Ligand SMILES: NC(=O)c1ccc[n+]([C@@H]2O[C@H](COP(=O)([O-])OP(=O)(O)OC[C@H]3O[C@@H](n4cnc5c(N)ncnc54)[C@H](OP(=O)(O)O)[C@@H]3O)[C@@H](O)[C@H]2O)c1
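There is one chain below, alone, in structure tokens, taken in the form predicted on its own.
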């Protein structure tokens, strides 16, 4: 019997590439998204089922899980991938901006995870993989709200991996650095005149890091590795930047690491 992965945010980017990669590796794929019409091009694959799911709608989550189990006979892996990026000057961010950020990246992940746990507990087996970020363990200017969500996810999942281990449920965080997808184009950017001497240049320096970034396929391969890893390993850095930056963050004093970040991100900014 083929294994089945249930993916949120599968209409574009990492989610879409992961869906294609898994089906090509012989898996069944439940590709979920808020707007199923955006996944029409995935219909050509035999073992992909497209389902409507909004991570903030509990009923849509339960229905998508139930439909997947009925259609494929079960779920082996859940991949929490739906996400939203808000960047810029924190002072310019409204409550609505920040609520949307945390709703999607934190509470949405919690909603899907909570919904699948009874099924995995009864099976005494299951894998929950989440797209975190190297930005869940380190920070950069202008990403305060985004980092807040990813640090929350890292803490949430690290805690969860203890309490779910007795049920043989594995928790795995994928921690990409810059990845060349639609993500950088989907970033919502906010600022105001107070930060005009800092934010535009720093933001452009961050965007420049995407120019030499690997494609989303490297993340899809890492998700596949995590899905098939029978160990209880928690973290999977991926991409050219992530492993080395996370290593430097662990071994360098704060002042040294912060200086490296400022050198890169604040390049060209007049002091």
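It should be emphasised that the depicted structure is a prediction, and the values quoted were computed from it without experimental measurement. Numbering follows the first chain given and starts at 1.
Beyond the structure shown, there is the form predicted in complex with the named molecule, which is absent from this document and is the topic of what follows.
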- Item | Contacting member of 111, 168, 139, 104, with respect to the named molecule in the predicted bound form [4.5 Å, heavy atom] | 104
- Message: With the distance limit set at 4.5 angstroms and only heavy atoms considered, check whether 4, 129 and 157 all reach the named molecule in the predicted bound form.
- Response: no
- Tell me, yes or no, whether residue 88 is in contact with the named molecule in the predicted bound form, where a contact means a heavy atom of each within 4.5 Å. no
- Looking at the partner-bound form in the predicted bound form, is residue 233 within 4.5 Å of the named molecule by any heavy atom? no
- Using a 4.5 Å heavy atom cut-off, state whether residue 54 contacts the named molecule in the predicted bound form. yes
- Would you please decide whether residue 38 lies within 4.5 angstroms of the named molecule in the predicted bound form, comparing each non-hydrogen atom pair? yes
- Query: Out of the stretches listed (191-199, 169-177, 120-128, 88-96), which one is close to the named molecule in the predicted bound form, meaning heavy atoms within 4.5 Å?
  - Reply: 169-177
- Task: Let me know which residues along 123-154 have a heavy atom within 4.5 Å of the named molecule in the predicted bound form, or say none if there are none.
- Result: 131, 132, 133, 146, 150
